[in-house]
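There is one chain below, alone, in structure tokens, taken in the form predicted on its own.
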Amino acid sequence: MDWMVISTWVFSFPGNRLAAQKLKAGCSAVEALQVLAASVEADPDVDNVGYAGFPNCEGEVELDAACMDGKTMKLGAVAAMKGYANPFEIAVRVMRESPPNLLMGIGAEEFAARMGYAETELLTESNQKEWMHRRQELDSANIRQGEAAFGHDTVGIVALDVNGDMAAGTSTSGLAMKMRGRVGDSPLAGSGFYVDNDVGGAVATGLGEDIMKGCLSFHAVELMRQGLSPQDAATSAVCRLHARLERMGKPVGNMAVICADRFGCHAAAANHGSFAYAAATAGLEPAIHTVDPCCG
């Protein structure tokens, strides 16, 4: 069986390469996700995932992450978690060892502590300086907390291993300058991620408040279940949701989805022109794929 791994955004490329090496050596799809997510979460140059994630409006770094196993349909997620630099690994532990699928805030932090994870300072000096600058600007402009949030670059991953098993997952610090406790689509099954060995998997990135209105990842997988190719499924899912939101007369946020079927064919779609993803397969070295907007 051939293997495959895809991941959102150019910054996931180094981790994608590491995951590809692991899959080539026979590791499981979940293990490949762990390797890739850990690489991105530890990168100080990535300010929207893990360590060095940009803080909320109160100056706190809150992290979200999730993992789903396509063979067992088990899933685990953490949301609005502070003080732990490896949220994806903790989400995997939730999937494997916690009765609830999703743990939030203090509950997620207590679970991480029980599992033996050490607390970590997530706010870097550069991010703290940038946060203070932006907070001063907002205060001087009398803008309410959470109304000037920005950024949305979740790392989302779908992998297929040599045994034919699939997994999907996400990790993010969410919108920068977001309201304390704000949770987007990333840790929500069906919105930020979804995978089923019988069909394929998908993950989303963009403005979570819009993505969750259409359960974007689940929709893409269900379209593949109906027989659509990964490209047609991704394009249809994004454009349908964009058109539905556009009819409400308000600006539609950026959104993108990457998906792969159970045979390892992969594709992506976005409603904006700045999206790219990394992909590696048994026959092709890791590479970056740019995505033209399909609507918007």
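This one's a predicted model, so the numbers in the text were calculated from it and none came from an experiment. A residue's number is simply how far along the shown sequence it sits, counting from 1.
The same protein also has a form predicted in complex with aspartic acid, omitted here; what follows describes it.
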Problem set entry | 4.5 Å heavy atom contact, residue 199 to aspartic acid in the predicted complex | no
Exercise. How about residue 89: is it within 4.5 Å of aspartic acid in the predicted complex, going by heavy atoms?
Worked result: no
Exercise. Given that the partner is absent here, does residue 109 sit within 4.5 Å of aspartic acid in the predicted complex, heavy atoms only?
Worked result: no
Problem set entry | Contact label in the predicted complex: residue 219 to aspartic acid, heavy atom within 4.5 Å | no
Exercise. Picking from 69-77, 174-182, 95-103, 131-139, which part of the chain touches aspartic acid in the predicted complex when contact means heavy atoms within 4.5 Å?
Worked result: 174-182
Problem set entry | Listed residue (223, 207, 122, 188) with a non-hydrogen atom within 4.5 angstroms of aspartic acid in the predicted complex | 207
